[in-house]
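The chain that follows stands alone, in the form predicted on its own, written as structure tokens.
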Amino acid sequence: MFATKQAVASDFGCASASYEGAARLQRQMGDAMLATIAQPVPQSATVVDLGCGTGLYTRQLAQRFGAYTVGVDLAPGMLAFAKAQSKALSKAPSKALSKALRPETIQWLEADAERLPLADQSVDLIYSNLMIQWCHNPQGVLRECLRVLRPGGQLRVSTLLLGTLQELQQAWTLADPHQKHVNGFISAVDFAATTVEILPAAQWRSQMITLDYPTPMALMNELRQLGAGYKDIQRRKTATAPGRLKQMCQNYPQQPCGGIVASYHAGWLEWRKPLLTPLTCD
């Protein structure tokens, strides 16, 4: 069973100060998704960064489009950090940057992505980078995006899929076979099927990304710095025994030249809400 929403919010909130320094995968996937927004977003638009975290991409969206931007997150700790970062950067020497990050340009909103406190058809662009995989009900999130997007509005979502951290899963299974240590993710086939059911004609693609680490413990430390550790409600409440950690490291597949890699099965979703069809009289 997945952890409670309060536990998920707490884990990520506690990682707010270390998150951006460890967010290699998040930057790679977020940049790739940002590059797909080719159609212009007018300055009169409303942009939502859903699962904004530290505001890393909220700030980029505000600066790039000059539109009213809302950073939405479940974790109060992340939002507090995002507000502080935005306030500090708004005083930067760059006039373009400081203008984009003014308080009237960016709003920070603590909210559940499955129950957004936003009006129907009030948003022109929703950008959500590596958030939906932590939600209890991803289908509910997509339905909320459908509800709040205006006709012609754009949706960009990235997620992690089955096969993510498969090497770490294998190593822990050998070291501690009766206890799970790695988060599970939905398969690409199931997520694509769910997406098409809710968002007809959505475009979907996936890719396996690998990142290098010097040791398995460096990977574990990065996950901790991101707040992305194992989140099952039945996880051990005590620290894992050093012997099990050592055995996991010994079982982790090593690269011929030293070090290890971790696999991340990345998925991206692109969708544009159809324009309203005008009524015609026969």
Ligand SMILES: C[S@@+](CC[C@H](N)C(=O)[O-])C[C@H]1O[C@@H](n2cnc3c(N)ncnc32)[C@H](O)[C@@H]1O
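Since we're looking at a predicted model, the values are computed, not measured. Just count from 1 along the sequence shown to find any residue number.
The form predicted in complex with the ligand exists for this protein as well; it is not shown, and the discussion that follows is about that form.
J.: Tell me, please, which stretch of 215-223, 56-64, 35-43, 245-253 lies within 4.5 angstroms of the ligand in the predicted bound form when heavy atoms are compared?
T.: That would be 56-64.
J.: Give a yes or no on whether each residue among 186, 193 and 271 has a heavy atom within 4.5 Å of the ligand in the predicted bound form.
T.: Spot residues vs the ligand: no contact at all.
J.: To verify the annotation, which of these, 111, 202, 80, 209, has a non-hydrogen atom within 4.5 Å of the ligand in the predicted bound form?
T.: So the residue touching the ligand in the predicted bound form, by this definition, is 111.
J.: Considering the ligand in the predicted bound form, which of 130, 161, 125, 145 comes within 4.5 Å of it through any heavy atom?
T.: Filtering the options by heavy-atom distance leaves 130.
J.: Considering only heavy atoms, tell me if residue 8 and the ligand come within 4.5 Å of each other in the predicted bound form.
T.: Result yes; residue 8 sits at the interface with the ligand in the predicted bound form.
J.: Given that the ligand is not shown alongside this chain, does residue 12 nevertheless sit within 4.5 Å of it in the predicted bound form, heavy atom to heavy atom?
T.: Yes, residue 12 sits close enough to the ligand in the predicted bound form that at least one of its heavy atoms falls within 4.5 Å.
J.: Can you work out whether residue 52 and the ligand are in contact in the predicted bound form, taking contact to mean some heavy atom pair no more than 4.5 Å apart?
T.: Looking in the predicted bound form, residue contacts with the ligand include residue 52, since a heavy atom lies within 4.5 Å.
J.: Does any part of residue 155 reach within 4.5 Å of the ligand in the predicted bound form? Heavy atoms only, please.
T.: Output for residue 155 is no: heavy atoms all beyond 4.5 Å of the ligand.
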